[in-house]
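Below sits a lone chain in structure tokens, taken as the form predicted on its own.
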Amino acid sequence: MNVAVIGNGGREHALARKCMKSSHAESVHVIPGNTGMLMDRALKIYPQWDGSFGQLGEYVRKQKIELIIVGNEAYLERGITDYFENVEGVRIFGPKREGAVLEFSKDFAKIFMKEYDIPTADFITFTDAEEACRHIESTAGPYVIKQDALALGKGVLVTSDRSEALQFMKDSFEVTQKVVLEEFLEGREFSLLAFVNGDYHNCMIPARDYKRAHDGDEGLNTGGMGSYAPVEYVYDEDLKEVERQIIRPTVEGLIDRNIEFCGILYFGLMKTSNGIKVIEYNTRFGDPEAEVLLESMESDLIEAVTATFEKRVYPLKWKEGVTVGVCLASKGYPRNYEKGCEVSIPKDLNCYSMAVEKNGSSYLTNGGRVLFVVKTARDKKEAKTRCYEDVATVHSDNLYFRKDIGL
């Protein structure tokens, strides 16, 4: 079959490359993609897409695409699945807008969790900036503030600095009408992604994402600076707890609300002294978790997606060992940064283009998170060492990376 992946970053490159390895794929397209993805020569991109579903539908028909996998959450919020669900001959993997609300509305997600007794941090939702600021001034930190909108992983602030919290709260009301203030949780984070269709779910192995810009989890939140899988501190009994107290109540809650959901449901979790709690839901593959999970997965992605459509048992198979991935980002990210800086990438490097632009025989930076390097080895220590050895082969005067991924 002909397959299309929707989005333009490292996650979409990973999804596309994984599809290319499937015996079921005749051609794989990334829409709009980025030109750095052309390091995979058989991959097709459509950078001319203007973002409209009408033009996309024309391309899908012309290319005889039968399966669409939605990578980027912004298109789910806009209703891409609603648009394509009745297009004959095309299956689209990703929830309709009513299901994607679990991600793009933090307030909805918190209310949903409270209603169905899903463990999460206590919270207050504010609709007035002055009231929110008065509350911050009257309470001690740490403060966990979340904008009620999609923000590419950067609409969250965790800080003990009251002045910083107040400024972020004021700034947040310029981009959203609601802001959630959460209880600060202590523990160890991990992500669990599941293929979901109604009452059907099929879980991947746990992964860890590093959200802060700098070593030691310092600096601002980013879209993710690195990841590894599986996670050594998540045990079988933990996964049983997540299944019983979080996954099952979530899918049952969606059914109870008559919300159709077919796609990836991402559980951002915190392992605390009082049990495992939900930090957030995402309604698509995580980025950069997708890059390490798909690298680790031996199973055929198209088969896993098809099994989800059909609600068919499909045991996922995984490589032995651990996969570590490191993001190389433009200096200044997630704030101001330059584009158009040259990057030297070895031809045989196992990496994904997050925001690389091909310029003749060379590559240029074209965004904040630029390149994602991955490596699988027998254990985390070896995978980390070998991954950073590969990172060192990438040369640019304008990139930085965290040096503690895998610690």
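Predicted model, so just to flag it, every value in this text is computed and none were measured. Position 1 is the first residue in the sequence shown; the rest follow in order.
Below, we refer to the form predicted together with a small molecule, which is not included among the displayed structures.
Contact check at 4.5 Å (heavy atoms) against the small molecule in the model of the complex: all three of Glu182, Lys211 and Ile279 pass. Of the listed positions (Met270, Ile205, Val90, Ala74), a single one reaches within 4.5 angstroms of the small molecule by any non-hydrogen atom in the model of the complex, namely Met270. Among Met169, Val156, Ile80, Val242, the residue placing a heavy atom within 4.5 Å of the small molecule in the model of the complex is Val156.
Residue contact check for Thr125: none of its heavy atoms lie within 4.5 Å of the small molecule in the model of the complex. With a 4.5 Å cutoff on heavy atoms, Glu189 counts as touching the small molecule in the model of the complex. Using a 4.5 Å cutoff between non-hydrogen atoms, Lys146 counts as a contact of the small molecule in the model of the complex. Under a 4.5 angstroms non-hydrogen atom cutoff, the small molecule in the model of the complex lacks Ser299 among its neighbouring residues. Residues placing heavy atoms within 4.5 Å of the small molecule in the model of the complex fall in a single listed stretch, namely 156-164, out of 156-164, 245-253, 131-139, 94-102.
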